[in-house]
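Just one chain follows, in the form predicted on its own, and it is written as structure tokens.
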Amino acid sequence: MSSILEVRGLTTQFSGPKGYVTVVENVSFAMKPGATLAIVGESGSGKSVTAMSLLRVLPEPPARIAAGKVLLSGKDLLQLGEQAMRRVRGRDISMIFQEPMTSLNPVMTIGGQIVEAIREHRELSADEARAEAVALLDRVRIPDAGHRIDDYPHRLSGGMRQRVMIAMALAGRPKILIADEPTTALDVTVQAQILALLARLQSEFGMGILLITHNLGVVAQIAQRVLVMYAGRIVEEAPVRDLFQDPLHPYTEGLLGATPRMYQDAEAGARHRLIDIAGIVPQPDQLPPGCAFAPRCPKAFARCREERPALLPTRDGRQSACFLTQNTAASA
């Protein structure tokens, strides 16, 4: 099956006092229709900037896309003018932003905002668009949608506001839905409901989902492939099952080690102790020489501190940017 979205060498920079600083570097991946691809990593890894670069919603300046291609069904979005991009946003690619309370307009009813999104991309009358908005709210399981459509955002719970954001994102019937931390600040029960809702809507609409998250539990539930990002670069790519069973990059090992487990290892008779990753993600203008993760990596050696590893194939369709795994693959 051919890819619906293909990103090649995407590089995004922000201007600073000393010139432009690279915050996302040489990011490449592809998405199949109807599939879910997750991008994971700590805050500051470049996940959201990557997503916003695809839609070209970063303010230019201070941001600029310095290199790369974003091919949607073969059409390079980076070569389109702003008017053409306005037609792409919402219709071909839609995005659910991190915090629905700040993404929704507090002085407009939720219905007014959904109707606006519908009429932007579809030639419907006001009455037809309102009926479609009610149908969308009903589809995302908003109770009594015909009456709640006239509510303002502050009258809804966090979970209900997130459902409204999903309804708005679906208004143009997109081919790809970017979900940026869709379960942030939601309790576990509501989080499970939102994930189940996304899975059901994905099946109904046949759309691909690009999931941006730091929650590996969410990834395990709904993704098929995973990109692990660190300091603006992809350091590992793998099918989700392989990544959880056999992580190749030490950073991925650290993320998994810091994830709570539901069940203890009864056979070993030991409790699973969470492992923290020492230090923090470096600022884009303060990257160390060599591998950006080397100062925090317990397995780093001299070469790691001097030379930056490229993202290379290892085995079984996987990729890793680590000298240890690349040496192992070469000797196998």
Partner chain sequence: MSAWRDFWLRYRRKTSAMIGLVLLLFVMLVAIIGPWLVSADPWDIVVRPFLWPGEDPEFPLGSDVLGRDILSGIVHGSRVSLLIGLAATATALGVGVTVGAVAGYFRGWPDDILMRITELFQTIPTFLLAVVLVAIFKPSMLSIILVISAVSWPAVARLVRAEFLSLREREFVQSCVVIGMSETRIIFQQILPNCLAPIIVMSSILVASAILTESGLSFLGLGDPNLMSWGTMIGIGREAMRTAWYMSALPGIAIIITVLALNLVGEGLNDALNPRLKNR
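Residue numbers count along the first chain shown, from 1. All figures in this text were calculated on a predicted structure; none of them were measured in a lab.
Unshown form predicted in complex with the partner chain; subsequent notes refer to it.
Residues 90, 103 and 107 are all found to lie within 4.5 Å of the partner chain in the model of the complex, as judged by heavy atom distances. The shortest heavy atom separation between residue 86 and the partner chain in the model of the complex is within 4.5 Å. In the model of the complex, no heavy atom of residue 223 sits within 4.5 Å of the partner chain. In the model of the complex, the partner chain lies within 4.5 Å of some heavy atom of residue 117. By the criterion of a heavy atom within 4.5 Å, residue 138 is excluded from the residues contacting the partner chain in the model of the complex. Exactly one of the stretches 237-245, 189-197, 90-98, 207-215 approaches the partner chain in the model of the complex with heavy atoms within 4.5 Å, and it is 90-98. For the residues 165, 227, 133, 231, the 4.5 Å heavy atom test against the partner chain in the model of the complex is passed only by 165. Out of the listed residues 300, 52, 281, 37, 52 is the one that sits within 4.5 Å of the partner chain in the model of the complex by at least one heavy atom.
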